[in-house]
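Take a look at this single chain in structure tokens; it is the form predicted alone.
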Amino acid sequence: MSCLHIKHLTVTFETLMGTVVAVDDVSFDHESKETLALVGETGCGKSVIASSILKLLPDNANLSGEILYGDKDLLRLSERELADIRGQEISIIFQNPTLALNPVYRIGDQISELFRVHKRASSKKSKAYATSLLGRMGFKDPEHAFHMYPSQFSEGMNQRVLIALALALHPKIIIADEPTKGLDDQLKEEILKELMKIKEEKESSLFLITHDFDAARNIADRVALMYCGQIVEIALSPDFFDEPFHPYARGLLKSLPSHDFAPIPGASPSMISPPEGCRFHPRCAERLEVCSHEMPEPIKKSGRIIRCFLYR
């Protein structure tokens, strides 16, 4: 059973340099209760997909396609209709606590406000909920933490606050956009464990946006790989890491320190003027003649989705 259907999503940005095609005709389903990891290099469009789901994009963004949640197309909803879904049905954990948290409001007030606005809880109950949630997120003295400001916490603690904010209303879908970025290995492990624990308890779905392949391997049911605005492979996590199909996937895994540490030659193409044909063909050692002038369409192959002429 799918809880989110993304169909032919395209997102462009008008800039002084030209039109940036950040997401190009992306389609996938996010299954109920599953953890789906969207992986790829920085700048490939992962975070744009995450922000598109709740229409949290700047004014110069243009979106087309469909993002279906139940019987609703989220791209067609008004801001007021989306406000009822954000946090309660679908929540997002942003990757930068410094920008996401209000520096002039106490941590506890930022969390308890959710309960007052969405659950119409009293101030006393809202504070109790917020304090309990801070305790759940590892704050040893949640009463004291409630009265502190973001500037008084470390980046790791503020990341926990963002997770608390996202999980406060028990959403059905949790979008985690690089939740472990910049954290040390121990804190990464703690954050991911807490995310998975709450996901399982509340029977939520987790959409993990990350460039951390170890995190994806450890917690994801399925992995979707992006390159230059397109999804080039979707597979069960064990299949993807044991036997990746797409040449980009194989090259990317070989470039990791835990493997051959052999980087892919060349650089990611421009999102303003991507190459004709397959986006990856200028860097691909297995390219065919057709790859330079024709775009491969996604097909189903051996239980996965692959965008590559090698599997036609």
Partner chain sequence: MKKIARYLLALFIIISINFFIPRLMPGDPITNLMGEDYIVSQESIDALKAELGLDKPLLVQYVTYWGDVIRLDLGHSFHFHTEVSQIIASKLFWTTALVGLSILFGTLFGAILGALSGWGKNDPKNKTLTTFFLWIYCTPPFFLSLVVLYVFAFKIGIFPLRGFYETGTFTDIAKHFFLPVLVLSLSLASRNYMIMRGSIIQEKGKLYILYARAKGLLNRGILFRHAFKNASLPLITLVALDIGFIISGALFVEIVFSMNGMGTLIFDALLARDYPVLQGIFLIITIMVVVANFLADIVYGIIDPRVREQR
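Positions refer to the first chain, counted from 1. If you're wondering where the values come from, they're calculated on a predicted model, not measured in any experiment.
What comes next is about the form predicted in complex with the partner chain, which is not displayed.
Colleague: Could you tell me if residue 119 has a non-hydrogen atom within 4.5 Å of the partner chain in the predicted bound form?
Modeller: Answer no; every heavy atom of residue 119 is more than 4.5 Å from the partner chain in the predicted bound form.
Colleague: Quick check on residue 253: any heavy atom within 4.5 Å of the partner chain in the predicted bound form?
Modeller: Because no heavy atom of residue 253 falls inside 4.5 Å of the partner chain in the predicted bound form, the answer is no.
Colleague: Taking the partner chain as it sits in the predicted bound form, is residue 100 in contact with it (heavy atom to heavy atom, 4.5 Å or less)?
Modeller: Looking in the predicted bound form, residue contacts with the partner chain include residue 100, since a heavy atom lies within 4.5 Å.
Colleague: So in the predicted bound form, does any heavy atom of residue 195 sit within 4.5 Å of the partner chain?
Modeller: Close contact is absent here: in the predicted bound form, residue 195 is far from the partner chain, nothing within 4.5 Å, heavy atoms only.
Colleague: Just one of 126-134, 231-239, 80-88, 183-191 has heavy atoms within 4.5 Å of the partner chain in the predicted bound form; which?
Modeller: It is the stretch 80-88.
Colleague: Taking 4.5 Å between heavy atoms as the contact cutoff, choose which of 94, 207, 146, 213 touches the partner chain in the predicted bound form.
Modeller: Partner contact (heavy atom, 4.5 Å) among the options: 94.
Colleague: Go through 168, 224, 74, 162 and name the one with a heavy atom inside 4.5 Å of the partner chain in the predicted bound form.
Modeller: Result of the distance check: 162.
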